[in-house]
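Form predicted alone, single chain, as structure tokens, below.
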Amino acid sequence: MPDLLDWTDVSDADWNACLARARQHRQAHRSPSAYTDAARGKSLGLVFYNSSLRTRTSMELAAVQLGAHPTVIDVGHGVWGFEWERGVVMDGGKAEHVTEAVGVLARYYDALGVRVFATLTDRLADEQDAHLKTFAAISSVPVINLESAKFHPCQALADAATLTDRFGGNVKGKRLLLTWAPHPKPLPQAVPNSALLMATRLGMDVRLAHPKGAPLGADIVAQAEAYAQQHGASFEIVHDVDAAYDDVDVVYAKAWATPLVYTDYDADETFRQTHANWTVTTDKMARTNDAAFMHCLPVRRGVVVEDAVLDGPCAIHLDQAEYRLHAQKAILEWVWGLRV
């Protein structure tokens, strides 16, 4: 049974099957067929190092609706803090090493989900997704990435299904703008990374907009370019905060930290404050083709996006959030080999 660390490790056939299955689950939602016994007897351990609303609740409910039993483990809250480093003398506040913790959990459960964000202090570890890969290497059962330093595959599948529904089953040739947005805190790049790869893999014409000095990783951009070429789509990077919106069909806003966060935290904060004009506004949205507005949530109203955009008829962020449940069910089925 496979891990799901990121969709780039998954074949097109399996990606497309999971996408189709997520859409099927949404069609069945709130009907008797939404609940099955497909995973009866299965157990799912959900390990959270970071806060969660949609990921936690949707994954718990997805497991229940498939007949499985989920358990949530909040590390550091009622559970020992875990030590990650090898060869350390554990005479401090961390009582359990991740080797024993994951080793034990893998003997209890049929799959483990883990959410472990970027450190935003150790650039190399974040770029290598070190904590997620350590967790997966220790586990003897499938590991599902519930958002790591680098990727958020659960969000990516929900976004892909949302877009596919939005455009009647075929998004190829539709224009998507993925835009940087201001935020009071530096945030990881997992969601924008996954959104960019999701959209280019779907064959959308993608425009990535960010201020100079706030790039996504070179490897992510290279993969996006490869997907665009493979699917006969276009991909471009722009830095004009207004013109970026011209003639697009979808606007996906997300804040992310600059590389400065690893070397000069105050400089990263100054950068974010300096570029407060990147907020998504009704004036910017007016330049689009009545574009749908997307955000993974939680969203800072009045910072990332104006209320009038979120409350307007083109906002589909709640559709994305609903799709998290259906995407999670498709992922569990795939991981457990219940349906391909």
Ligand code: CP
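Only a predicted model underlies this, so the values are computations on that prediction, with no experimental measurement involved. All residue numbers are counted from 1 along the displayed sequence.
Not pictured, yet referred to below: the form predicted in complex with the named molecule.
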Heavy atom of Leu297 within 4.5 Å of the named molecule in the model of the complex: yes
Non-hydrogen atom contact Ser52 with the named molecule in the model of the complex at 4.5 angstroms: yes
Exercise: His326 in contact with the named molecule in the model of the complex, heavy atom 4.5 Å: no
Close approach of Asn145 to the named molecule in the model of the complex, 4.5 Å, heavy atom: no
Options 272-280, 297-305, 26-34, 61-69; stretch whose heavy atom lies within 4.5 Å of the named molecule in the model of the complex: 297-305
Contact at Thr162, Arg166 and His317 by the named molecule in the model of the complex, all three, heavy atom at most 4.5 Å: no
Contacting member of Arg175, His210, Arg115, Lys150, with respect to the named molecule in the model of the complex [4.5 Å, heavy atom]: Arg115
